[in-house]
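Structure 1 and structure 2 below are the same protein chain in two forms, each given by itself as structure tokens.
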Structure 1
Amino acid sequence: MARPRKPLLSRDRIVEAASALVDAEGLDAVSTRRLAAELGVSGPSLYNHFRNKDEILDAVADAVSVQVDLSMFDESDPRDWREALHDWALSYRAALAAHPHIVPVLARGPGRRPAGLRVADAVFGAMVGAGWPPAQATRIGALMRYFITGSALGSFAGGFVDDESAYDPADYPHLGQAHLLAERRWEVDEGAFEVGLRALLDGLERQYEEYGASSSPSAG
């Protein structure tokens, strides 16, 4: 009787297995030996697809970047640059929130990752297309990445223990309600992100108006 055939090893299978490991146990859980065991193959067979662990993690990170919605940057989309940045930021953060352990890899920038480069290209192109000077469009892409990835690196509210006795009023007179933060984690963290995002976009909008005023025929 013929033995059942194992599924052929592929980049997609390796990335899927590595992604599951990262999500469940973090970056340190990923090794060629562990992945080979998860996939039921020999360790050296992985090197037919990836040279090392870093390349595997790059592929896992790029699989997350693929999940980010870029439709708001299409020329046919009616959203202006501010709405586009806002909606993109929410989509980007949602993708990172679903895969928080891979955020440190994404925070390093796109490198040679195709999906990551498509994100950078879409943001930069949309900002320049909206009238931002190229240098400022580059800075906008950078600050948005700093803000979004930074917010996804950890929970502010989750960093406070829910033990009321940890906040002695003699030492911390203003933290009497801090023990309640953990149970309100989603409300606090999501609210903070939205407040920060709106403040960031408000500041950019003022700059945008100044650029428009300075470039008008009557300026100067």
Structure 2
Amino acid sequence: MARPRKPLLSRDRIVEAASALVDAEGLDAVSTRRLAAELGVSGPSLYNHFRNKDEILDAVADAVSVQVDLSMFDESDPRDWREALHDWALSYRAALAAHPHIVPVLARGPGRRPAGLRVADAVFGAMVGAGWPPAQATRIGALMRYFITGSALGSFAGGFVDDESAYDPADYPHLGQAHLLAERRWEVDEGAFEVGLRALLDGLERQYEEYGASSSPSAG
């Protein structure tokens, strides 16, 4: 075949196929040969569009970050930083939960990924705009990412085996019901995320009030 008149591949087509493969079978299923086969080309063709496999996975991760809604940060009153943070967290988590296998790549940080940087920019900007000191705004961005990526990285409930005999009462006196976790997986994980998010925001609000005694939101 050699070079066709019209390119068979494009970065977008490769990312699309890689995303589908990651979602369907996990990170380990993505090999350059397998991915190329899925696209109807030979393995080395991919190297005309990406420098290496890691760059492909970075692009897959960034395609997830694009899905994160950021509108709450420019539409709302700066004083509603708590509500904006809450809504953003839900959107972020929903985006990650739809593509759990790519979370480890995403959790490495934005690096040079444009959508990842846009997320960081929006959160930091909104927190500073709401009156948080910059150093504290940075920490908020970090701790929210810790919590959200941690919750998306793996199901808590699904991390326990389904098998009652795995929990010997002599070894684990309090895990007598742990074998039931797996089947209530969604409920447990969702509940934990909600409780944790509320606790985080309550706790941050308390800290904000302490700052509020001595400073006020910037004019913007």
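Here, a residue number simply tells you its place in the sequence of structure 1, counted from 1. All of these numbers come straight from a predicted model, not from anything done at the bench. Here the rigid core means the biggest group of C-alpha atoms that line up within 1.5 Å when the two forms are laid on top of each other.
Between the two renderings of this chain, the form predicted alone is found in structure 1; structure 2 comes from elsewhere.
For the relative rotation of rigid parts between the two structures, the listed residue sitting on a hinge is Ser151 (options: Val30, Asp58, Ser151, Val68). Once the larger rigid part is held fixed by C-alpha superposition between the two structures, the smaller part shows a rotation of 9 degrees. The Cα position of Pro173 changes by 4.1 Å between the two structures once both are aligned on the rigid core.
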